[in-house]
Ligand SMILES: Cc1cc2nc3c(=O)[nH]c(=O)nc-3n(C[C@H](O)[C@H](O)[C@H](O)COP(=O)(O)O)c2cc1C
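What follows is one chain in structure tokens, specifically the form predicted alone.
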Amino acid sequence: MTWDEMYVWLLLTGYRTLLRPVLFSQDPERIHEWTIKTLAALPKPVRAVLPLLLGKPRNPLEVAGINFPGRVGLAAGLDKDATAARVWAPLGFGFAELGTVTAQPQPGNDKPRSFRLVTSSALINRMGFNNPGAHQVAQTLAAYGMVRGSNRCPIGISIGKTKVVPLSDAVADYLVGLRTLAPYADYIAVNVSSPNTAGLRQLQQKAQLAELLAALTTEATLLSPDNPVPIFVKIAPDLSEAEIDEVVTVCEQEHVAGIIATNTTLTRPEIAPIDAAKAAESGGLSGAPLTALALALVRRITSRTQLPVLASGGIMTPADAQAMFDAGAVLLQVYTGFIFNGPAVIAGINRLSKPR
């Protein structure tokens, strides 16, 4: 065993034996909120020490004109309000995607709306884009001094449709989010694939997606003609191969910067029998059961396009990360893997994976 492997093993063992049992003894959403508040409150001296304990990002890469100091980033959904935006770099992330943020504040769906499938190493959520709205997130990032181009850990902001806004007005709603948040985002991720807002996934259909992306890329150029904010598109894993090909074609035609694959799934693959009752809950599934589906989607997309692919979904271990790199992904995003394996999964990917 190499030193890097021993280091990652020690981090993983410490998290799983000491911290995770305490965290997992609490309600998933309640402990999530407490964790984000705790991380957000870490003083600067503590944030300065964390890289010495957990390691720094490795394997830098430029994508869409953005200099990423590392290949593994935080997936959207963990830091919805951007309150912990300053801590993700010290934890070893090479970038962080905040949100999903809607133009208007909204409380999200009724509780309970988050479920932990421990044996299956999975989560189910039907949060429904609970967030304080684009204006408040912009104010938070401004207060932190985080503006586009100045972040040593690049910041992506995922934008979605406000629930009360009808699909016919979705383009205008997304444009509000873009205009409000573009000054603070190194890239914008367009979320048209969450299963937890009624009708949202219809925006992945060819005509609707083309209209939305044309409006967003045009507006990005108007806002900053010399350096438009890159637009990425996050898609669902539940699309057919024909639908995937159609989405990729639209993304190419509308000059997006890349594709994020994938969001959570409405299917329930590889669930342990002990988790069957929780698996019956409605919402999107993430974690280990999504790994094979997400990998297949990444392979399909990279075989179809030269657009950069950010792999997200089911990345629980450095081996999962390596498979995504081997499939052609250039960057990775982690959420559920971080919940189940803590900072060890980030350190492991940084130290043990070998990007192309």
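Start at 1 and count along the sequence shown; that's the residue number. Keep in mind that what you see is a predicted model, and the values were worked out from it rather than measured.
The form predicted together with the ligand is left out here; the points below concern that form.
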item	value
Region of this chain that lies against the ligand in the predicted bound form, out of 216-224, 132-140, 92-100, 175-183 [heavy atom, 4.5 Å]	92-100
4.5 Å heavy atom contact, Tyr335 to the ligand in the predicted bound form	yes
Non-hydrogen atom contact Gly287 with the ligand in the predicted bound form at 4.5 angstroms	yes
Touches the ligand in the predicted bound form: Asn125 (any heavy atom, 4.5 Å)	yes
Heavy atom of Lys234 within 4.5 Å of the ligand in the predicted bound form	yes
Partner-contacting position among Val229, Ala82, Ile259, Ala75 - heavy atom within 4.5 Å of the ligand in the predicted bound form	Ala75
The ligand in the predicted bound form - contacting residues of 248-265, heavy atom within 4.5 Å	Thr262, Asn263, Thr264
